[in-house]
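Okay, so we've got the same protein chain twice, two forms, each given alone as structure tokens, structure 1 and structure 2.
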Structure 1
């Protein structure tokens, strides 16, 4: 077993385990933290796969995103600490069956597909960033700009949703 396979298994296993913990715990804050650890393990997988820029970006972005999620959990939940052990699940059997079908379907494709030979030559971290910069500000610039515009639209939509709800409440 190569070192890369070992670390992929270790970080991948951690990501999956923390992903499962998200839905096992009764505490919402613990769920958000488990998701943070899962996403961080995924960032570590990126680093193992020598995508250094994306790995660091994933870890930094998800740390911020999950912290915000934890705050929302405390705001919106009646029992954010999970002390009352509230049950927040429904259609368990259908969900479990769907999850298993999704897992085994994707696994079958991963194992049985013919992926061809493995690439050996890979640009180093600095060269990757340089090439990605040329890609983003060259051929893919329109797509990249569209992503920025989409985020702006989402920010306006989210703010409009929240503000309108408050005004409706005030009138009523």
Structure 2
């Protein structure tokens, strides 16, 4: 087994483990940090696979996103530190059944799909970034811009509603 495969398996295992930890903790902040570690491990997997741009982008994006999420949780939640007994597992039986169906579906696709031949000509990192740039600035630009605008609008709306509700509660 090569060193690259070893690190790919190690980071993959870390991503799955921290994904499980998200649901085992009683703190929303600790859940956000566990999700950050899980997504960072996925970014490290990109780095191991020599997709440097995607790896660094994944790590930077998740670090920013999870930091903002943790800050908002501390600001607006009643018990962000998890000192009370908060259960992170909702609709246990339904979510377990859905998770098992999804797991076995993904496993079946991974095992039984015809993946075709392995790539023999892999572009270097600079060429990968150039091709990704053409993809992002070409046919996918409208999709990414729309998604970014939608997410920004939702964040502003959620903050405005939370501040408005807090001000009404203070006046009462």
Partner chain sequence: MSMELIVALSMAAALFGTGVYGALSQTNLVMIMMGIELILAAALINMVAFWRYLHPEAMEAQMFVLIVMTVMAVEMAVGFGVAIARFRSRGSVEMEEAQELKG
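Residue numbers count along the first chain shown, from 1. The term rigid core refers to the most C-alpha atoms you can superpose between the two forms while keeping them within 1.5 Å. Keep in mind that what you see is a predicted model, and the values were worked out from it rather than measured.
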* Quick one, which of these two is the form predicted alone? -> 2
* Does superposing the core leave residue 54 with a CA shift of 2 Å or more between structure 1 and structure 2? -> no
* **Shift of residue 26 between structure 1 and structure 2 at or above 2 Å (CA, core fit)** => no
* Supposing the core is put in the same place in both forms, how far has the CA of residue 150 shifted between structure 1 and structure 2, in Å? -> 5.4
